[in-house]
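Structure 1 and structure 2, given next as structure tokens, are two forms of the same protein chain, each shown alone.
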Structure 1
Amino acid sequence: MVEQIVAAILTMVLGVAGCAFYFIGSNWLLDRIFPFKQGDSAVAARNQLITAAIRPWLFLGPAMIALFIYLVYPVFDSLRLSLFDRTGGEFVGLSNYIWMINDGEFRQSMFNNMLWLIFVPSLSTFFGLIIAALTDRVWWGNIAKSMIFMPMAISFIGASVIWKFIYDFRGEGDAQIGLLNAVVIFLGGSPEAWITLDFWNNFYLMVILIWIQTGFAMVILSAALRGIPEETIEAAVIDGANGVQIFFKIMIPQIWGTIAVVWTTITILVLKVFDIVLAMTNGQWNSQVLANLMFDWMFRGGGDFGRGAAIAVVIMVLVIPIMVWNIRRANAEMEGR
């Protein structure tokens, strides 16, 4: 444990020092290559223009290189691999995509992903909006917001471990340590192995992501609600509108763009959901999703790079339109349109 902490601290220190050395050193070297000589104003002006054009790229360059290596290149390589066999050596054309269409597990994964897409973004946004509106009206609202936002600080694996204890099931005759089963027994019911129940286990897993993302939605929507002019609310009150009418007819229409951005942001996350399913069920009991299926084909059972890459391409194709719309909507919001 101590060694891991020391290694993490050392990594951060070296990383920060390395960045500082790069930026200071690269700017120093640029100024030495294109100096501003006092005696020759024409050369100085030319060098100043050159350095002004190059200097931004000294800052952007490392990020652009990292984006190319870790984002752009993998996209094109995944497209290439999806057209080859399991080893990536023999060209098979669209065979991997034809396999996907006919594969029952892939269709099950698509169905499960659709369930996640329907319920998780909608419920996270809904709960976040309701909580944001309610907590703005009480003196302890900031405390409540902090508690609700806290799950955002937990990794998906950490959250899954927490909820695994909540859903825990022990055999007949053993003491039940799972919180949900303890409540069921207290109410006179029988304990269940919740995450093994076909179809319904998808919803038990969704609860984890909703629990995490509600805090994100709440923070963004709370800021949007506070941006509504007080004059609008006061005018509605004078006209005789009650709290429900003000909320649905005044507040929501004015922050509808923000609601859409929050909803689509969570939607993109849902399309890539992997950690929760891996930690809770590993795709068993018909709880498989696309990202976990891709991981299985790519890295397990001998590894099939062709089929794994084909599933990755499907995920990318599903994410891109939502991501593009989300960026355009966010830009429109920033421009006040």
Structure 2
Amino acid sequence: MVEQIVAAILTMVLGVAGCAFYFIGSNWLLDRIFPFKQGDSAVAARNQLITAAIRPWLFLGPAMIALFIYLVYPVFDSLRLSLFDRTGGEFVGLSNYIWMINDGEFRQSMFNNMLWLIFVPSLSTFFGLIIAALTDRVWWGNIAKSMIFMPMAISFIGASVIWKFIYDFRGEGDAQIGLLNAVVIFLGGSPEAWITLDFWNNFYLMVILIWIQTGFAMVILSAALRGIPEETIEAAVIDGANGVQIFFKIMIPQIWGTIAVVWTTITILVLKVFDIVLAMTNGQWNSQVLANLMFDWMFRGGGDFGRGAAIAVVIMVLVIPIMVWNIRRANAEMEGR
């Protein structure tokens, strides 16, 4: 254990020192090869142009290499692998995709993912907005926000344990130790093994992600609400609007842009959600989702890279509209600067 800590610290120091050495060294070398601070002015001017053209790439180099190896190349390789067989050796055309369309589990995952895509972003944004509006009006709002934001720091797997404990089921007659069943019994119902209930179990799993993501939505929307110009609200008050009218007719329209950002960010997260399903049901009782199915095929029966990659491509395709929208938004923002 001690060995491991020492090795970790050593690598860290080496890594950081290596980075520093690269940046300092390459810049020093560039200035040495093309000096522009003294000597002949014509040569200096030419050298200055050359260094100005080269230096950005020295700055960008390591980042570009890492991005290429870990994100750009894999995207294309996944596309390629999705057309190959389980080991990636033999070209099989579209047969992985055809298999997928006819596979019951894949269809179930698609259906469940659609449920997740509809309910999680909408409910997280909705709760986030309501809580942001309410907490802005109480003096201890910041403490309240902090508590609601907290689940954000908890891992999906930790959150799954927390909620699995809440959904815990003991046979009828035994004392329930899961909060949900205890409440149900208190209200006169009978206990259920919640996460095994076909169809509805999706919602019990979604609750976990909503619980985590509401804090994120709240923080962003709260900042947006505070950024609304006072005059617009004052004008509405003078015109005799009440609190609810002001909220829905004056404030919400002014923060549509932010609501869209929150919604899409959570949508992306939902498409990638994996840990929660893995920990709670591992796809049993018809609760499978794409990301977990993909992980499953990656290792199932020694791993089927073709099918795994094909499922990953489906997730990617679902993300692309948001990606395009993000890029256009970023471009518009840069032009506005």
Partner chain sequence: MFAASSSRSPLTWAVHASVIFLVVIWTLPTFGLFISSIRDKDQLAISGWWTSLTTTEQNRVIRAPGPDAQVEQNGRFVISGDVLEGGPGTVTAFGFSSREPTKYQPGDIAILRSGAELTVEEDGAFSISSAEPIEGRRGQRVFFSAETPPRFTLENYRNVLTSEGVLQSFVNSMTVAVPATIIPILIAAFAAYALAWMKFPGRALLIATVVGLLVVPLQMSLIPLLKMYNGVGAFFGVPAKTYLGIWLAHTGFGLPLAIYLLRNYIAGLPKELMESARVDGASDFDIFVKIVLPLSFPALASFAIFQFLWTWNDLLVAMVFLGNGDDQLVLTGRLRELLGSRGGNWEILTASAFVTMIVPLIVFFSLQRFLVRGLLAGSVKGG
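This is a predicted model, so every value here is computed, not measured. Here, residue number means position along structure 1's sequence, counting from 1.
Taken from the structure described as the form predicted on its own is structure 1, whereas structure 2 is drawn from elsewhere. Scanning Pro191, Trp99, Gly61, Thr265 for the location where one rigid part gives way to the other between structure 1 and structure 2 picks out Gly61 as the hinge.
Here the chain moves as two rigid blocks between structure 1 and structure 2; the smaller block's rotation against the larger, from C-alpha superpositions, is 9°.
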